[in-house]
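Two forms, one protein chain; structure tokens for each follow separately as structure 1 and structure 2.
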Structure 1
């Protein structure tokens, strides 16, 4: 997928002035966080589960080589073909080869963020193969030629009218004038259309929520059942998974599942949790004849070796996004690439470069709500700060910030000079404030446009606390 992360500020500006998007975001905020809270309240051991889940992922990541080898061995023993891919291009080529070998022309797709990462749909289309997204939200945005705006709710930015418009322009077999106001009606139509696609598809592609080393199984979680139809009906199945999805045992996967849906949608479990281990076996009446698993690096081993290793714990639940006030203000598309919210602001610069995505780690107040709700306790604010550190050291921070900060730090390291400068500054501003007789506040200050563009700035009192403390003869030590 092409990135627009470099134009984050413009993207955000457009998002803030998009009335339909703002309406959708308003509704969104009420949903997931409230449901998560209720689910967590119903599970007194939630924090203990989080601790256990974190330990599992830390252990798996610290032994990633061993678990991936074990997974591969068990998967191959069960007839799965495992393909290791270093980058997006390698993964795309491998998918294409499998499609060509199987003669596939229609591909059913389960929602996969890795699929978005490697831009598999655009690639297959260019090769004359038709991918059909089967998750309802993902199908809607595929019709609209948009990327997902949320990792678990791809069409959360849309209103039902926009969905109806997309269906009217693409479902040409249905009467033009049919009623399409109610979500139930739209769902029934999408279900009928997609059912035929499922039956026609020669090949299915899904992502994976986890890989189980103990058994060589792939764990896939959905609410709609589209993932299961995708991995049951077509003759050939491809699973694309990034390296860090592997966990040791079924019990370990189970523990993570206990925090996944609760953190994501506030369900105890998603409706369908499926453990798939290889292709159809002797006597089976259904299931694919071939199963391929692509293990994709695409930047993961680099993160494994640097200060962002803990990000590999992420299980893509979306809780950080659902609780992020920045995301709530601008939605997912403004981030400009596959991911969004706090996890996106950490992942995107790591995966496509800080030069391209430099705004993302800065566009945060570091309020800490993301880390608070993260089931994997990923220190997202610390990582955002580390990305800023990386930028600062690479001298990629804006000059105004750099000079402003150095000037400030220069003074602040010299207490006497600092006190003098502050008292002069405060005295000056205070006098201007009083002269303007505008109620002791500034409605516009030339060097503080960012502030006074939207808020009043109180005029300083005229003397600093330090000056007044000295004048009153207060104790210094």
Structure 2
């Protein structure tokens, strides 16, 4: 998919003024965060599991070459063909080659963020091959020609009426006037349509939640069963996975599974958790006769050697997104690429460049909630600050930001001057606020349009924190 990350400010502005989107995001806030809290409360050992999961991923990343080689060796011994791909173009070409060798014209596709990352759908369509998304949310946004708005709930930005309109526009074999008010009715219709696509597909494409080096197995987690149908009904299966998905053992995989679903959707375990080890054998009743695993780098090895290495621990649960106040205000499309929320604000600049995605690290309040709920304890706020610093040093940030930070740094290095400037500014705003008739709140304020454009700004008390601290008996350091 084409990136619009460079247009984040315009994207965010449109999202804030999209009434339908704001209504959908309002419902979203009461979903996954509440369920996650309940799931964590039911498991007293959750924090200990997080520590164990983090250690597993850190160990795997520190020995990535070893475990990738071991996975390749075990997978090929099981009959799987493993392909190493340096970038998105290499992965796309390898997928195309496999499709042509197998004569595939229709491809069933499970939900895969790595597939979105390399733009596989658009690529296959341009080559005359029809990909069909089989996850319900992904299927809906495919009908609407939209990218996902969330890594685990791709259609969370849509209303029920918008989904019904998409079905009426594309499901031409059904009566135009059929009732589509109830979600169960729409679900049944989608299931009937997709069942025919599963049966017609010559090839299936999925991602992977984990790759197990010990056995050469692929772990796939879904809630709809579409992933299992995608990888068992077609004759040929392709798995696309980024390098950091590998874990050492089956026991390690099960440890991570215990924190994955709880962090993502508040479930103890996803409805379908499938371990696939190679193609169909002689006594198997189903499964593909040919399995290919594409190991994709696409910028991961560069991250392995820089200060964003810990981002490779991410298991794509979406917990940071679910708890992010910025995402809750603007949704996922504003970020302009595959990933969104705090993890996207770190990952996107690393994958497509800070020049293309320079605004994203600034799309954060740095409240720390993302790190608090991350099952892998990824220091996302620290990484966002590092990206901001990189952007500032490269002079890629807006001039107003650079001059503003330079001015603040000038004052901060001179405590007496800083205290004087702050006391004058805060005192002046406090006095103006007390004269206002609307409870001391600013509806418009010079240089603060970004804030006052969507909310009031409470007037300060009239004294700085240091002044009040001193008055209460505190000592100035």
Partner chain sequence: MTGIALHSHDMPEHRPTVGLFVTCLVDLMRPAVGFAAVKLLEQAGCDVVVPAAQTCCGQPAYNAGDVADAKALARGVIDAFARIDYVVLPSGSCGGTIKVHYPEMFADEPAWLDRARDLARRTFELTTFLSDVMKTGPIAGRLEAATAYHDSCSGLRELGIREQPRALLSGIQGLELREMDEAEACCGFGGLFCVKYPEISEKMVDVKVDAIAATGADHLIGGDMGCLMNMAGRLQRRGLDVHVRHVAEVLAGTCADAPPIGESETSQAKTKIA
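This is a predicted model, so every value here is computed, not measured. Under this definition, the rigid core comprises the largest set of C-alpha atoms superposing within 1.5 Å between the forms. Numbering follows the first chain given and starts at 1.
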Eyeball the pair and call it: which is the form predicted on its own?
-> 2
From 181, 395, 176, 27, the hinge of the rigid-body change between structure 1 and structure 2 corresponds to 395
Please report, as a whole number of degrees, the rotation of the smaller rigid part relative to the larger part between structure 1 and structure 2.
-> 14
Keeping the rigid core fixed, work out how far the Cα of residue 416 travels between structure 1 and structure 2, to one decimal in Å.
-> 4.8
